[in-house]
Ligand SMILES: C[S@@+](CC[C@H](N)C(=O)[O-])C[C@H]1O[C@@H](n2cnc3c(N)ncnc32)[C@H](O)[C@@H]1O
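First, one chain by itself in structure tokens, the form predicted on its own.
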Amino acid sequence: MVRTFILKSSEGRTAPDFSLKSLAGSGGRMDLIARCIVATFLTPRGMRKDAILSIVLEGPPNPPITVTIYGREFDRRLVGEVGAAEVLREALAGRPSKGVRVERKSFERLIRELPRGSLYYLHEEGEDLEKVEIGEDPIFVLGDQKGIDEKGEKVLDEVGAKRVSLGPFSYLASQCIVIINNELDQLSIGE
């Protein structure tokens, strides 16, 4: 099973001009994005190969840009948030690591190009994830601290994304990824 995460980053910088020493303070909430990269791929045993993360950057100066990291091909060892941010900064500078692709692609276009079926939108008012039968090769869509805007939600509804919830509380995007990875790992053990 390959798991895919799509993060819609409404403020994510679209240029490699953010500071690695101040990811939260240099604009675009690059700290949030770096934490999501770490949450998607880093495990105590090494790098997760069964995951894909697409980050749709919608911030200045040149949106939109989608950066996708393919775990199966990704050849760098991440060492925390700064290492993850370096991967992103290098990709935006035109020097992507192996397994990283940069495209001029909007959230809407990315979502509309996805295969239909196992698409899940993380939403506080969705159906409890534990009660949902997860399809093969699931794709989970989540927003940053601002969530998914009305236009993005409309696109998700049009393509039939199922709204799912992780429980009664709001979680950080990176925490959501960790929780979902754990749930999917448990399903894999049971197979």
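Note that residue numbering follows the sequence shown and begins at 1. Quantities reported herein were computed from a predicted structural model and do not represent experimental measurements.
The next section is about a form of this same protein that is not shown, the form predicted together with the ligand.
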note = TL;DR on 145-153, 55-63, 41-49, 131-139: the one with heavy atoms within 4.5 Å of the ligand in the predicted bound form is 145-153
query = Heavy atom to heavy atom, is Glu124 within 4.5 Å of the ligand in the predicted bound form?
reply = yes
inquiry  = Does any part of Leu23 reach within 4.5 Å of the ligand in the predicted bound form? Heavy atoms only, please.
reply    = no
message = With a cut-off of 4.5 Å between heavy atoms, is Gly167 one of the residues that contacts the ligand in the predicted bound form?
response = yes
request  = Would you check, heavy atoms only and a 4.5 Å threshold, whether Val178 touches the ligand in the predicted bound form?
outcome  = no
